[in-house]
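Structure 1 and structure 2 below are two forms of the same protein chain, each written out on its own as structure tokens.
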Structure 1
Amino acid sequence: MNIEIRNLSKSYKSRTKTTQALRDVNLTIKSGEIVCVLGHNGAGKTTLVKSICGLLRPDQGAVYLDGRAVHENLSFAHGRCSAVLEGSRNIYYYLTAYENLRYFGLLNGLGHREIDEKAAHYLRLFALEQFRDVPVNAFSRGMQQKTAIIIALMKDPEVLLLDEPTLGLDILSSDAVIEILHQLASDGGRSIIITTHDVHLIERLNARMVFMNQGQVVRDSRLPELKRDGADRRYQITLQLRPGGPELPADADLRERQGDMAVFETADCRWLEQVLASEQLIQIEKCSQSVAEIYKAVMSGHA
């Protein structure tokens, strides 16, 4: 399902102040696309997610699902969107895993046989099959998060909204969720929007990244493009230090030093031009930026 967000703004008002959560946000998300939304706490990520599925009414602008305005077609939106908000709020802790799936399945109009088939499939897929009849309040944080995601998938949503989906998951469980997300996007044609601070998740998804700051979109690009752009500006240098020869550049980020041998990173192109013909230069290669480095550069306005 295609999602179009046009001029979306939302503020929260109290007696003493007004907080602008979203400021004129414009985004288009295609069917089958995975989008990671990043930003500091309070950047507007959760407000954006809640606006897309109709839980919040914007002050101005609108969200469109396949051309239909969400807040003029709430039943349509609720029938096609599923959301997992931070804290696994879509589960009842005193019910077992299966009872949760059955309850929400019936709530969404699924038949008993369909519920059983889907519950068996997803419990097996998320490695929770043996915990089918265990109360959710006995689960670990990661197991509860898996249960919450399964509940969101029971009605086969065309739009899946996940707020910190790997919170509490170990690396193996996180990898399993990532593979499932890839499969859901490619096989089912779902639009998947994820808010996250999980660097491992972002690296593995290798998807489109939307950076938000103070309610605005400040960068919208795919991870490979961001890495390539950043790599063009930083180099790793292996240099032999000699008396009277070139000194390390002012911005040198020293990685290793043994005797007169130094390995460091720099973005000082003028310094590089001066040292390229030097016999002290042993090796030069472009750096591959990490997600954390990309995030810092974008949020500081340097990317």
Structure 2
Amino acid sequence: MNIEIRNLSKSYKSRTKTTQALRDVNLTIKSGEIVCVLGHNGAGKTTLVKSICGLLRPDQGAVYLDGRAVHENLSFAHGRCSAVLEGSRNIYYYLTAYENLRYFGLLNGLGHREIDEKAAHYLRLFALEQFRDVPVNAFSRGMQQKTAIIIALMKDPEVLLLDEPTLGLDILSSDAVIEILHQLASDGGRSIIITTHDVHLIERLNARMVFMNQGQVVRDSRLPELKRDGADRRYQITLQLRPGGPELPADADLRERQGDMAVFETADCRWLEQVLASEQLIQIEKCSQSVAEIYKAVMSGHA
């Protein structure tokens, strides 16, 4: 399903204060795309997710699902979106895991057999099989989160909105979520939007990244492109230090020093050109930036 977000603004108003959470956001998300929304706490990520599925009414602008404005077609939007919202109660604590899946499955129009098949499949996948009949108020936070994700997946939605889905999940469960997201996206037809601070998840999804700051989209790029841009500018150098030989560049970021051997990073291409012919130059490697470094670099321009 295609998602068009046009000039979307949203503020929260109380008697004493107005907080502008989204400011003129424009985004197009195509069918089959996975988008990671990133940004500091309070950047507007959750507000964006809630606006897409129609839980919040925009002050200005609109979200369109296949051309239909969400706030004017709420039941259409609710029928096509599944959202797991961070910090919200997505499940009933006094029901067991299976009862939750059954209850929400029926609400979402699934048949009894389909519910049982899907419940068995996902409970196995998320290692919750033996907790099927345990009330979820006895679950750990991660187990509750997994139950909420299963409810969202069982609906097989055209738009899947996951607000910090791996928060509290152990590494195996987090990997199971990543595996499922890859499968869902490759099946095509579905659009998946994930807000996250989880660098492991971002690295593994290798997806489009939308950076938000103070309610605005400040960068929209694919992870491989961001990595390539960053990597082009930095090199890891191994250099033998000798009297009369080349000096380290002014920006050298020393990683290792053993005897007369130094390993450091630099972005000084002029220095590199000058020492290329030197015998002391042992090795040059392009640096690959980590997701955390990319995040800091993008956000540092928008402090």
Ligand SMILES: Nc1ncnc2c1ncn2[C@@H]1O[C@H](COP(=O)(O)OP(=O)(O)OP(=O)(O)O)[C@@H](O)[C@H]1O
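The term rigid core refers to the most C-alpha atoms you can superpose between the two forms while keeping them within 1.5 Å. This one's a predicted model, so the numbers in the text were calculated from it and none came from an experiment. Residues are numbered by position in structure 1's sequence, first residue being 1.
Each of the two structures shows the same chain on its own, and it is structure 2 that derives from the form predicted in complex with the named molecule. Once both forms are overlaid on the rigid core, the distance between the two CA positions of S14 between structure 1 and structure 2 is 2 angstroms or more. The Cα position of G42 differs by less than 2 Å between structure 1 and structure 2 after fitting on the rigid core.
After superposing the rigid core, the C-alpha of A277 moves by 2 Å or more between structure 1 and structure 2. Once the core is aligned between structure 1 and structure 2, the alpha carbon position of G245 differs by 3.0 Å; this is the C-alpha shift at that site.
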